[in-house]
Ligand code: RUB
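Single chain ahead, written as structure tokens, the form predicted alone.
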């Protein structure tokens, strides 16, 4: 695969989530034996600037520019997801109703591990406008025999009173809060209003200490393919959920409080 194609695939969201973007990029770098590393890494950083996992991996590689380090990072990403699933599954009880948002591998690892342990529960997946990643989540869970219901994003408030918890992933942890798919902040506010635990799943490669931070805005055609003369359309891909709305964070190192995670960012 050429670099141009990889960047196109990342921008078009062929690779879902910060981990998958990093994995695809690391495999590309290994295939090219890290040739023109500085030039290539600069281009990759610009492809999806909000997702921090790739940024952190590239920083690590800049200090140890070897294929062995690439393999180490790939193993770390894979093993951390497994560990997140094992630790986070303890938060799910029998007969729970769980709301989730978008399509997060880390959040799904928790749900899948709980299912594997024999727990029976139901998942409510928001459709997740405008790219409908929640449909991917629903199909994936249904194949495993997990009871799942798809709801429109604006219906979250209607159903929240019946939920036992909300579980979402994250693209990065920052001092301001967690950065995740647009609409996550809304769910956190609703969870707080109804007194429901709000859990966030993500590995420690998502710790983001970058001073310059960009909320990616995507093509307007994802929102509306037609023409609205004289009307502006905006399509931010992410929002920031403040730490005061988050109950616990599940990482490969354990289930942490927001205070614990903020200490890691200092």
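Numbering follows the first chain given and starts at 1. Note that this is a predicted model, so its numbers are computed, not measured.
Although not depicted, the form predicted together with the named molecule is the subject of the following passage.
Contact annotation for residue 174: none of its heavy atoms lies within 4.5 Å of the named molecule in the predicted bound form. Among residues of the shown chain, residue 196 is not one whose heavy atoms approach the named molecule to within 4.5 Å in the predicted bound form. Contact annotation: residue 256 falls outside 4.5 Å of the named molecule in the predicted bound form, judged by heavy atom distances.
At the 4.5 Å threshold, heavy atoms of residue 247 stay clear of the named molecule in the predicted bound form, well away from it. Heavy atoms within 4.5 Å of the named molecule in the predicted bound form map, among the stretches 164-172, 139-147, 87-95, 117-125, onto 164-172 alone. For the residues 156, 191, 73, 102, the 4.5 Å heavy atom test against the named molecule in the predicted bound form is passed only by 102.
For the partner-free chain shown, just 48 of 28-49 comes within 4.5 angstroms of the named molecule in the predicted bound form, judged by any non-hydrogen atom.
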